[in-house]
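So this one's two forms of a single chain, laid out as C-alpha cells and tagged structure 1 and structure 2.
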Structure 1
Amino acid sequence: MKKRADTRCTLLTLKQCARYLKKHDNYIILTHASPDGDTLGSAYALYYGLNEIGKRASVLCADIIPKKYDFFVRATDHIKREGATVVAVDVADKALLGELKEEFGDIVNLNIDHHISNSQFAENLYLDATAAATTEIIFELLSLMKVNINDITAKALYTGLVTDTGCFKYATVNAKTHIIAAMLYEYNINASEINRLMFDTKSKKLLELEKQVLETAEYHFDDKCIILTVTDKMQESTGCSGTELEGIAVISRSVEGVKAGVTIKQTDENKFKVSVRTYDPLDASAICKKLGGGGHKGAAGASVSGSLAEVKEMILKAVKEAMEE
C-alpha cells in the first residue's frame, strides 16, 4: 500500500461521507489503540452496516480487544491490504493507532470522528465535534444509507454511546443523544446488561490496582487538581494492565472540588499515557494539547516521555497555565 502524495485533508458533509462509503469496497476499519466502547462500537457497527449492503470489511485494532465486548465483537472478513479502502473511526490523530500507525498512518482514506482536536491526518474527514460519541455519527450514516440495523449492530452502537457519555452523565450529551438511544431501545440490545458490563463489573485484580492507585493521590492548587499514578510495578503486582486500565481515569473526576483530574499510566520505562478529566471552566483538550495530545473539553489525553517526576512537572505546568487563563 502506497502513501498518498497529497497530504491535504478534504472535509466531507454527512451526505458526502455516506456516498463515499456506498461507492467504495474492501474496507479496512481501524480503531484507536487501547480500545474503548466508542471506537469498537463504531468500528463494528460500521462493519455490520457495510456487510448489510454487500460490502466487505475487516476491523483492525493494535491491541487485544477486552472480552467484555464479546457480545458484539465477531471475526470480520479477510481484506487484502493492496487496494483496500482504509477507514479510521474515533481516531483523532494517527499516533493513536498504536502499532498500526507505521502501516496505516499515512494512507487513511476516510476518518470519521467527533474529537474537536482531530489533526486532519486522513485523505477525507467527516468530523462532528458536537456528537457525544462517534457511534452517534455512525448511526446517522447508516440511517442515511438506509442500512438495515439489526440487533448486534444496535448493541455496538449503544455501547459506544453509553461508554463515551459515562452512561449519559457528561456535558456532551444532548437531545439527539437521548433520541438515538431511545431508537436503539427498539432493538433487542438488553441495555441494562450492557450498562452492568461497562460500569458495574470489574475484576478482583482491577479492584486491587485501584486500591494502590488511590494511595498515590496527590492534590495541587488548593485541591482543585488531583494526580493519580499507575506504575509498571503496580501493573506487574496485580496482573492488571493494557485495556483493563480503561476505567481508571474516571476515578479522578469523582473527587469533590476537583476541577482537573489527572491519571498517569506508565507504558514503558520512560513513557507515560496521561488522561485528563476536567470540569468547567477548564478545558482538558487545551491542557493535553500543551503535552502533544488532545481530545474533548471534558476528557483528553496525551503520551508523554520522561521520568515520572518530569512528566508530573509538565502536567502541573499545563494545568496551572489553564487555571490562570
Structure 2
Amino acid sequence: MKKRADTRCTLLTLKQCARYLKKHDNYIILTHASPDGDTLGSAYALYYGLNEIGKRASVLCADIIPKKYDFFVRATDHIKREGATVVAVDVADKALLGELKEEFGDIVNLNIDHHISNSQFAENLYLDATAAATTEIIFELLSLMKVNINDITAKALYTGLVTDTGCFKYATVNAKTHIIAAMLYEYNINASEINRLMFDTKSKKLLELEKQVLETAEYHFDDKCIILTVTDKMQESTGCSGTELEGIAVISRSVEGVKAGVTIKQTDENKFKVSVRTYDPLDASAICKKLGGGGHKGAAGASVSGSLAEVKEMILKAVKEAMEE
C-alpha cells in the first residue's frame, strides 16, 4: 500500500476491473460510513468471491455494522496495511469513508460504484451509474470472473439490491435489476426473511417516536402541505436519533393529496434541519433555496435558525410562494 504519486483516476471497464482483482492480493475492502445494505452487501460478496479464488481480504467500516446484517457479515482475515490492495465499494467520495478517510482516503487503488456523483478520488474506478445498486455490479463482476457464488454471497448481493431500491420500488430499477434478482433466487437466499429484516422490523423506540411525531401533524393549504416535527425532547425521551429518523420524512410524503411534505428536526435549541419532499409540479429544491438550502426537485433540505414557530412561518411562506409560482 503506497501513497499515490498523482491524483489522476483511471476509468476501468468491467473486464479490466475483473483482471485487476485477479492480479492483486491482500485486499482491504472499505465500505462507506453509516453502512447500509448495499455497501455491506457489496463488500462481503466481494470478500467471499475473492476468498473463493484463494485471495486474502479484510472488510473495514468506520462505524459499527448494525446487527440486522449478521446473516451475511463474518469476521474477515487480518490484512496488514503495508502491501495491501485497497478497494472501496459504493463509496462516492472519500469523505464518506468517515473515520477511515484519514488513513485510506488518498490510497484507494480501486473503487467500484454506481453513484453518478462519484468524485473519482481513487486510482482506478469502475462506475456504472445505470446500476440500481452496487451489488448489481459485484454480481456481474463475480460472474465475469467465473467465481463460485455461495448462498451467503447471494444473500449479501440480494440485500444490496433490495435495500438500495426499496425492494424494487424506486425509479432506478430496470430490467437488469430483476434479472439479477431472478438469478440470485437460484441460491438458498430466503429472500422473504431478508425482506422482513430489512423492511418490516422497527424498534419499539422508533414506534414510540412515530406516535409522538404523528401528534405534531399540521395540515396547511387545503391539506396540500403537511408539517411533521421531531423535537430534541422526542429524540431524548425515545432514544431515537441519526439514521433512525430517516423514515419520518417518508411518512410526510406518503399522505394522499399532499404535494409538499415537510419534516422539521430540531438539532439545537434554536436550530432546525428541514426536509422537504414534493410531488409535481412543486419543486423541493426551489422551496429549500428560499430557506438557504438546496437539493433535488423531489427531495431537498435546509438548516434554519429561529424558534420553532418562526421556522414554521418561514417554511409556510416558502411553500406558499412555490405554490403560487
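Numbers follow structure 1, counted from its first residue as 1. For clarity, every value in this text was computed on a predicted model and none was experimentally measured. Between two forms, the rigid core is defined as the largest C-alpha subset superposing within 1.5 Å.
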*Can you spot the form predicted in complex with another copy of the chain among structures 1 and 2?*
2
*asked:* I want to confirm the hinge position. Given the rigid-body rotation between structures 1 and 2, which of K204, Y279, I53, G257 is it?
replied: K204
*Could you check how many degrees the smaller rigid part rotates against the larger between structures 1 and 2?*
25
*Having superposed the rigid core, state how many Å the Cα of A302 shifts between structures 1 and 2.*
10.9
_If the core is used for the superposition, what shift in Å does the C-alpha of E236 show between structures 1 and 2?_
3.9
